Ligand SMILES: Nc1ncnc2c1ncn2[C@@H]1O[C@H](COP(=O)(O)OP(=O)(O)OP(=O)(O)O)[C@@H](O)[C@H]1O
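Given next, in structure tokens, is a single chain: the form predicted on its own.
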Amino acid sequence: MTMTIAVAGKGGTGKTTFAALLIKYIRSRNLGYILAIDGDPSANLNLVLGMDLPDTIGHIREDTLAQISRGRYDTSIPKADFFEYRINEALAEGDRIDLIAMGRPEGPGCYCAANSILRTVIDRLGNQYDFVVIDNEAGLEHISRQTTRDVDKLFIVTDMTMRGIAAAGHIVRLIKELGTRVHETYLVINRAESDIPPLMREEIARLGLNLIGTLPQDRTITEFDLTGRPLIEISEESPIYKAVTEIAAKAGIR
């Protein structure tokens, strides 16, 4: 049975860092094979995982529709088979981790039929893995159009500010409005330099957010970013990785 894990949060909160370290946790404990889905249009999960990215779903969709509109598409090939072939070509393969990137959202025009086929292909692909880990843009809008997967565990990553907590509450409301089926939702506060102030705890409780843990400031992250070194290579003794392992275990990822 595939466990689907999603990571969301507004830009700059460290959600991609958390997603990468969560993937490292799953791999280092030999919990199973992972399909990582980069749902952020900026597509940089491959960099922190140290993987080359052959193509994106967005580019495949745009290129295919362009071929159809110009009369260059071979109609003897069913579109579902063609999309599946192209998606397999775009799959970056690694050590117990494969990666697919969604790329940019739709441009002008009608994408309903293409997106419906893509959803089917991506969902079928995900069922071949033990874990699907999705690094999203803030509110899952893009990914909700590309996969119908239920989310078993959603981690919302925020910074240690009242505005960040308010944004996390907004993400929860937005996900409910989208109708995305999420079984368990957790709040993760990144770059926590001290204990969480009582006023912030009160706001977290008022918004109904389930705080599962905090991530400390870790200068190793800055060093890796400056040198372009993949975060998946970070030491298991680093403070932030230890915090991620505690959060993952508490969430029942084992």
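Residue indices: 1-based, along the sequence shown. Nothing here was measured: the structure is a model prediction, and the numbers come from that model.
Not on display, but discussed next: the form predicted in complex with the named molecule.
Heavy atoms within 4.5 Å of the named molecule in the model of the complex are found in one stretch of 54-62, 27-35, 217-225, 199-207, which is 217-225. The named molecule in the model of the complex comes within 4.5 Å of a heavy atom belonging to I240. Of the heavy atoms in R191, some are within 4.5 Å of the named molecule in the model of the complex. Residues K10, G11, G12, T13, G14, K15, T16, T17 of 4-20 are found to place at least one heavy atom within 4.5 Å of the named molecule in the model of the complex.
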